[in-house]
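What follows is a single chain, given as structure tokens, in the form predicted alone.
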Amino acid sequence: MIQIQDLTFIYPNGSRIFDSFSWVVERGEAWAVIGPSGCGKTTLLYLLAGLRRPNTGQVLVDGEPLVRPRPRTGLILQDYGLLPWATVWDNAELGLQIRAFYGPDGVHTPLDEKLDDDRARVGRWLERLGIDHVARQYPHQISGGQRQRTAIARTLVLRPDLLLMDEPFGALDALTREDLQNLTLELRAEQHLTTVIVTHNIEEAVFMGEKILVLGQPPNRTVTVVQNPQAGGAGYRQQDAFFARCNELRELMGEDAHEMA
């Protein structure tokens, strides 16, 4: 589904983050991306979202060069990105309102998009995510977990096939974080999503990613992948294999793992 080919990305200040970097994500895969601060995790996610452009090389999604954000890609951010003056319902409906404005043009809105069920779609997702009872409240009136569920609802009502997440659970308490991790995996299976989650947390990477991309200090030139097929399994967090995979990542990352602690 995603092909990064010989990508080089350099910030205006001259910092080279990726240098002739190539990477492939197949449809339906669940990836976690991990590495120390400043290694390019979020930059990579923004390149996949079409929010940044490479200096050289290219990003392809479904064989098409990515030159702008695509309508079937969903992006969930750590700070939720909710409009503070809008209710939970209005925040969840925002993307559909934007699509209705442009219509099915194939750029902002998929050509096969039907917007006649938008209110029913929003209602179904708020109920599915357990926040329908706060639909008329504002972001400052609800918990962090409910705000993140609102951000997830806003994304999933758009029926994405690719879901990108940037530290989506980092600001939440441990129990809420685990609950939303489980929910995300459940929704991924239901919706047949390809997922890429950026995280600084080793345990989260091991639980969420069937494949884990490990980035190092930039510039990143080679791809280091840890295979983790048991990710998301029932009770995986309590299994010896989980702790062994976490230790494998720590050893692989070496000193970088201490920077993330």
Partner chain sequence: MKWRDAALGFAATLAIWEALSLLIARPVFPPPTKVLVVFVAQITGDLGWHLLVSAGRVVAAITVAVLAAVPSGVGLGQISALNRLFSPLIYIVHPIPKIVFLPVILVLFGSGDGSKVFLIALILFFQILVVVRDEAADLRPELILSVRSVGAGRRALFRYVYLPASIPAVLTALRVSVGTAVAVLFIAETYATTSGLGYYIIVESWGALRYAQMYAGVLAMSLLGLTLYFAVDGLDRRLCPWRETG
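All values derive from a computational prediction rather than experimental measurement. Numbering follows the first chain given and starts at 1.
The same protein also has a form predicted together with the partner chain, omitted here; what follows describes it.
Chemist: Name the stretch: of 150 to 158, 187 to 195, 174 to 182, 122 to 130, exactly one has residues whose heavy atoms fall within 4.5 Å of the partner chain in the model of the complex.
Modeler: Checking each option against the 4.5 Å cut-off leaves 150 to 158.
Chemist: Can you check whether residue 79 is within 4.5 Å of the partner chain in the model of the complex, heavy atom basis?
Modeler: Answer yes; at least one heavy atom of residue 79 falls within 4.5 Å of the partner chain in the model of the complex.
Chemist: With a cut-off of 4.5 Å between heavy atoms, is residue 69 one of the residues that contacts the partner chain in the model of the complex?
Modeler: Yes - in the model of the complex, heavy atoms of residue 69 and the partner chain come within 4.5 Å of each other.
Chemist: Does the 4.5 Å heavy atom contact test between residue 94 and the partner chain in the model of the complex come out positive?
Modeler: Although the partner chain is absent here, residue 94 would touch it in the model of the complex, with heavy atoms inside 4.5 Å.
Chemist: Is residue 141 close enough to the partner chain in the model of the complex to count, meaning some heavy atom within 4.5 Å?
Modeler: So residue 141 counts as contacting the partner chain.
Chemist: In the model of the complex, does every one of 75, 101 and 108 come within 4.5 Å of the partner chain, counting any heavy atom?
Modeler: Yes, the whole trio is in contact, each within 4.5 Å by some heavy atom.
Chemist: So the partner chain isn't shown here. In the model of the complex, which residue out of 51, 60, 223, 226 has a non-hydrogen atom within 4.5 Å of it?
Modeler: By the 4.5 Å criterion, the partner-contacting residue is 51.
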